[in-house]
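Here you get one chain, nothing else, as structure tokens; it is the form predicted on its own.
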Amino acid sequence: MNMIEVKNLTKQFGEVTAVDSLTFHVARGEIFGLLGPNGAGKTTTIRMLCCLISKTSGEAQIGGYSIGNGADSLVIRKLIGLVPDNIGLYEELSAYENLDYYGKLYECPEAQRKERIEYYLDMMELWEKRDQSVSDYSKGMKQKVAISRALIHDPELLFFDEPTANLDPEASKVVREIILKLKTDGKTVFLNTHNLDEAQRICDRIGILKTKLLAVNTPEELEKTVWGNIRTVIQVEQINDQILAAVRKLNPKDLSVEENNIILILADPQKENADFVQAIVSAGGRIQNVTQLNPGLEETYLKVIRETK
């Protein structure tokens, strides 16, 4: 069973459709990223899945429990942890007191609560500052406390809404490392982000949202789907008929020549590139450079968004 199952999920605010007929799933133990411009419906989607706002229509299940069912909603809230875009800590309390308060709300037994508070604050490198008011914390430190708060009841599923927004590079790196560690601990992670590099680094699959879900796949497969075949470019000092004959003998899917560049489309570039390089060298060619014309996730995302009017 998948951790999240969504079918035709829709949310309207009056005459405005914020989320339109979303259908997707998130497997257990997966890091799933949702990308989209401001106003695309990312935060609204998380709020529906966390049972914070009601859906207008459609279905969604978290761990087999339905978000539109009152009794199931209470169970879902115990299954999930949320790190919202607005951290919302009690600034006058210390990090320890914040976590202790939320642990009590989740009815964590005292011994277990104390153990988890120490574990997470130690993991976040905040244990030595546990009694310091969070009002004196940096943004990165506050974000670490917010992540610890979301984990205090040991949820199976974590929702992150823009977890590295407004953080410096060092703090952002720490948050990414924490998310990856959650996966190794068997947690499922649902991530909203504007940071495309972040999504490419840590997400197993990515959905592109603009009110409707425009695409969903692994970053690599998204690029292939949007752009077609990735091209390998082999720059040779001088190209002659003998070199081209050696290349054609390996049966590339497509071959073209631009000045001193041999441009290939291969079925599996990672496996085949070395064979073509060897063939060119054996034919007397002097290779100056080998590159792949890979547009990357940022260009892929922008192309998908721009083509949707």
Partner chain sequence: MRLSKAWIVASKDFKTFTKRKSILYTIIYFELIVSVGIPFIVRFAETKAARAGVLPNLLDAFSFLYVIGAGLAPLGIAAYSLVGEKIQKSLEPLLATPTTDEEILAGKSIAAFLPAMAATYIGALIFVALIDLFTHSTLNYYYFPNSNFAIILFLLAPLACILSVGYNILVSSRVNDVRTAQQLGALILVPFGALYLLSEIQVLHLTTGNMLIVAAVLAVVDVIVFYLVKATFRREDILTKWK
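Just so you know, these numbers come straight off a predicted model, no measurement behind them. Positions refer to the first chain, counted from 1.
One more form of this protein should be noted, the form predicted together with its partner chain, which is absent from this view; the next part is about it.
J.: Choose from 122-130, 74-82, 174-182, 216-224 the stretch whose residues reach within 4.5 Å of its partner chain in the predicted complex, heavy atoms counted.
T.: One stretch meets the cut-off, namely 74-82.
J.: Can you work out whether its partner chain is within 4.5 angstroms of a heavy atom in all three of 17, 24 and 62 in the predicted complex?
T.: Judged in the predicted complex, none of 17, 24 and 62 sits within 4.5 Å of its partner chain.
J.: Can you check whether residue 156 is within 4.5 Å of its partner chain in the predicted complex, heavy atom basis?
T.: Flag for residue 156 set to no.
J.: Examine residue 91 and determine whether its closest non-hydrogen atom to its partner chain in the predicted complex is within 4.5 angstroms.
T.: Residue-level check for residue 91: yes, a contact with its partner chain.
J.: Could you confirm whether residue 165 comes within 4.5 Å of its partner chain in the predicted complex, counting heavy atoms only?
T.: Looking in the predicted complex, residue contacts with its partner chain do not include residue 165, since no heavy atom lies within 4.5 Å.
J.: Given that the partner is absent here, does residue 137 sit within 4.5 Å of its partner chain in the predicted complex, heavy atoms only?
T.: It does not: once its partner chain is placed as it appears in the predicted complex, residue 137 has no heavy atom within 4.5 Å of it.
J.: Consider the chain as shown here, without its partner, and state which of 240, 54, 69, 57 has a heavy atom within 4.5 Å of its partner chain in the predicted complex.
T.: Looking at 240, 54, 69, 57 one by one, just 54 meets the 4.5 Å heavy-atom criterion.
J.: Under the 4.5 Å heavy atom criterion, name the residues of 230-244 that approach its partner chain in the predicted complex, in sequence order.
T.: Result: empty, none.
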